[in-house]
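Presented below, as C-alpha cells, is a lone chain in the form predicted alone.
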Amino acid sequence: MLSYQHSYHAGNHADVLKHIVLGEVLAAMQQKDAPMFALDAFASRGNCDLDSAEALKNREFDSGIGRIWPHRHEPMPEGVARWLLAVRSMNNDDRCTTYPGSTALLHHWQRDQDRLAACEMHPQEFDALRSSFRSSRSLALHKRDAYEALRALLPPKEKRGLVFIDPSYEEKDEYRRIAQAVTDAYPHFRAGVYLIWYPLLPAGRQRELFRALQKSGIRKILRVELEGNGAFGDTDRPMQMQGSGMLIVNPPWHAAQSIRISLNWLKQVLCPTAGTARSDWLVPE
C-alpha cells in the first residue's frame, strides 16, 4: 500500500512484540557461525521519530515502548533486554525519541559475515530508509514490491536465513496473498525461517491466513499472540487493533522457550490485568 506510513504506529504494542520475537529468532540462528541472509520484505523507513507530528497524532507508542521504557533498568528476560539495548543505543537515557524499525534492528544485530536486504515501495518511506542506511555488499536496499522480491531473492546464496513479513494489511486480500507468497517461496527455500506478523482485529481476518497455511502442506509453524482485551484501545471500534501475533515457520528449536518467557513478561508489563498471551503450534512438525 502506497498510502501507508508506519510513523503513525511506531513503537506501539505490535512493534514491541514483533521486534522482540525477531530478535529472539535471529539470536538463535546466529548461534551458528555460518553466514546467513535476512530479508525485510516490508521495510518501511528504518527509524521513526516519536516526536514527529505523525507519531504524536495518536501516540500509539504509549501502548508499547512507552510502557516498557520506565522498566529499562530493571531485570528482564534476555530477549527483551536484547531488543531494549538496541533501542537504548539510539536514544539518550532520559527519553525514547527514536524508535528503530525492523531494518534498523536487523542492521544493528548483523554480524560481519551476514547479509541483509530491505524492500520498500512507498516513495517517502524508501527515501527515509535510504537516508538512514547506505547500500553496501552486506546491506541492499530495494525499491521494489515485496511479493516480487520474495520470488527474486530466494533462495539466498548463503542457503540459510530468515524472511520477515509484516505488511500493513490495509487490503482485505493481504492475508490470502501473504499465505500464498509463503507457500510459493517455501519449496525454493525450505531451510528458511519465515516470520509473519498479523494484527488481531474484531473481524478476525487472521483466520484466513491460518487456514491457508494449514492447507499449504508446510509443517512446523509456531503461533505467538499477545491480546490486550481492552488494554490497547476501545474494543468497540471495528478497526482498533486489540493485539497482534507472529507465525514462525521453522523456528529454531531453542528459540521457542525463550520467546514464551519474553511473551509472558510483555503481558505483565503491557497488559497485566486484561491481557492474554498465547504460544502454540498452528501446525506441528
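Sequential numbering from 1, following the sequence displayed. Just so it is clear, the structure is predicted and the values come from calculations on it, not from any experiment.
This protein has a second form, the form predicted in complex with a small molecule, left out of what is shown; the following refers to that one.
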Does the small molecule come within 4.5 Å of a heavy atom in each of 24, 245 and 260 in the model of the complex?
no
In the model of the complex, does residue 81 have a heavy atom within 4.5 Å of the small molecule?
no
I'd like to check something about residue 167: if you look in the model of the complex, is any of its heavy atoms closer than or equal to 4.5 Å to a heavy atom of the small molecule?
yes
At the 4.5 Å heavy atom threshold, is residue 184 in contact with the small molecule in the model of the complex?
no
Can you check whether residue 102 is within 4.5 Å of the small molecule in the model of the complex, heavy atom basis?
yes
Considering 144, 205, 211, 88, which brings a non-hydrogen atom within 4.5 Å of the small molecule in the model of the complex?
144
Listed range touching the small molecule, judged in the model of the complex by heavy atoms within 4.5 Å, from 154-162, 188-196, 88-96, 120-128:
120-128
